[in-house]
Every structure is written in structure tokens, then in C-alpha cells.
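Only one chain is given next, in C-alpha cells, and it is the form predicted on its own.
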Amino acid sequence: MHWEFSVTGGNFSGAGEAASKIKNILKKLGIAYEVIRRVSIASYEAEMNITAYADEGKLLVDIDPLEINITASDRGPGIPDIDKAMQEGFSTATPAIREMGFGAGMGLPNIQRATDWMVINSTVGKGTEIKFKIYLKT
């Protein structure tokens, strides 16, 4: 099964809609609560990163009998130092984003903590792609 959700950069009023739709799909499929919780955390954080930092992006969701795979890709500034970005509390958020309550520097670490596997590919000036998966445990 495959779904695609568009995310508009800077649209904080619509932020979280994709993650909410993903959560609802998983509920309808009867996925275990703990898996839904982990997917919800990771997909929300990925969506918020696109909203806060990129011009536009998308979340691709693929579900098979063994795992849920999500790819969050964007057209944006890219991440110059992925190791630094993975440090809890490190943030490049603008003051305006911080005033809205975002940009605490926990997005990428939270994705990593909530998932079974994650990889980040980023090109400065072009964009970022984060792939992660959560295994469906029986």
C-alpha cells in the first residue's frame, strides 16, 4: 500500500495534517497502538521540519506486511552538517519559528528514537530526504 502527502513550507496552520492522516490510515488498518504511536511521532517531526525549513516537500508512506516505510523529502536549504543536526537541542530555527513553539532541536533525534531505522541524505541548496522505517511486530 502506498500513499503520498504534500507539505507546504511555512504553512504552520496546516502543519500536522499529513501525520494525522497517516495515523488515521494506520488505525483503519488495525495496526498496533505502539506502532501507530511511533509512526505518528516520526511522521509529525518530519512534516514539521519540512514546514519550518523547506519551500515544499512530501511524505511517502509504504506499508507491507513487515514494516512501514516513510520517506520525507523536500526542496529547501539542505542540512550542512547532519551530525550536528542530530544533536539534541541543536537548531537553526528562526526567532519567528521559535515564537510559535517550534525549533527546539528535537525533531531529528525524535525521529531516530521513534524508528527502527533512519537515514538522512541532504544537499545544501537543494533539499533533504529522510527515510525511516518501523517494523510491524507480531
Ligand SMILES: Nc1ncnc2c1ncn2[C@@H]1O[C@H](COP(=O)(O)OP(=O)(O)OP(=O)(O)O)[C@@H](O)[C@H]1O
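Numbers follow the displayed sequence, beginning with 1. Source: prediction; values computed, not measured.
If you look for the form predicted in complex with the named molecule, you will not find it shown, but the lines that follow are about it.
Proximity to the named molecule in the predicted complex, taken as a non-hydrogen atom within 4.5 angstroms, holds for one residue of 104, 60, 96, 35, which is 104. Within 4.5 Å of some heavy atom of the named molecule in the predicted complex lies at least one heavy atom of residue 92. Under a 4.5 angstroms non-hydrogen atom cutoff, the named molecule in the predicted complex has residue 85 among its neighbouring residues. Mapping the unseen interface onto this chain, residue 41 falls outside it, with no heavy atom inside 4.5 Å of the named molecule in the predicted complex. Remark: residue 31 does not count among the residues lining the named molecule in the predicted complex, judged by a heavy atom distance of 4.5 Å or less.
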